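A single chain, nothing else alongside it, follows as structure tokens in the form predicted alone.
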């Protein structure tokens, strides 16, 4: 059975392993989440549970969304997301206790936005000559072929960098603290401090060593 949980990224720190070495971990405020509704194969074509995380001000809700919360009998939430094939009941509370230490998880979130960036930073392009009065240090140079006489689709150019959906797979859960709703996973996860991420059971069958 698939399982998942919405969480807030609190930041990174380090913990000591039993052998005395240190491990970099990301601290996540995982849940509690409430089940707003269910998707069914008969009605929607797939099975999923709609989870709600955090609290939201009622004046910021649209009338249809406020009606969903009222119908489910739960308080308005900050973030709503779906977890496929997750067996749950409407109104049920989901905590980080669904995960166990040593388990592998996939964490998905929106990466940090970097704004408009040139090709050197965005794609790692090399710089041009910096001597003899060169004016082409960080410029792209030629972007078209001589025979096609056009710019090919998908060419790496300057533009908006970051702020895209990213998933980091097979992160090991080092500690689960249901009392404080904390989840410590080995490594980094996408997004800034305070960002909302989705934590799911890893799709990789083989455990990472």
Partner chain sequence: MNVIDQLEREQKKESVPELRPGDTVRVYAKVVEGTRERIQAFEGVVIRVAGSGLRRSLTVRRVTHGVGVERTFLVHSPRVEKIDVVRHGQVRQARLYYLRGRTGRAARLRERRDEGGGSRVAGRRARTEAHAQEGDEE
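Residue numbers count along the first chain shown, from 1. Please read these numbers as outputs of a predicted model, since none were measured by experiment.
Absent from the display: the form predicted together with its partner chain. The rest refers to it.
**Student:** Give a yes/no on whether residue 182 approaches its partner chain to within 4.5 Å in the predicted complex, heavy atoms considered.
**Tutor:** So residue 182 counts as contacting its partner chain.
**Student:** Taking heavy atoms and a 4.5 Å cut-off, does residue 15 contact its partner chain in the predicted complex?
**Tutor:** Yes, residue 15 sits close enough to its partner chain in the predicted complex that at least one of its heavy atoms falls within 4.5 Å.
**Student:** Is residue 194 part of the interface with its partner chain in the predicted complex - any heavy atom within 4.5 Å?
**Tutor:** Residue 194: no contact with its partner chain in the predicted complex.
**Student:** Heavy atoms within 4.5 Å of its partner chain in the predicted complex: does residue 27 have any?
**Tutor:** Contact with its partner chain, yes.
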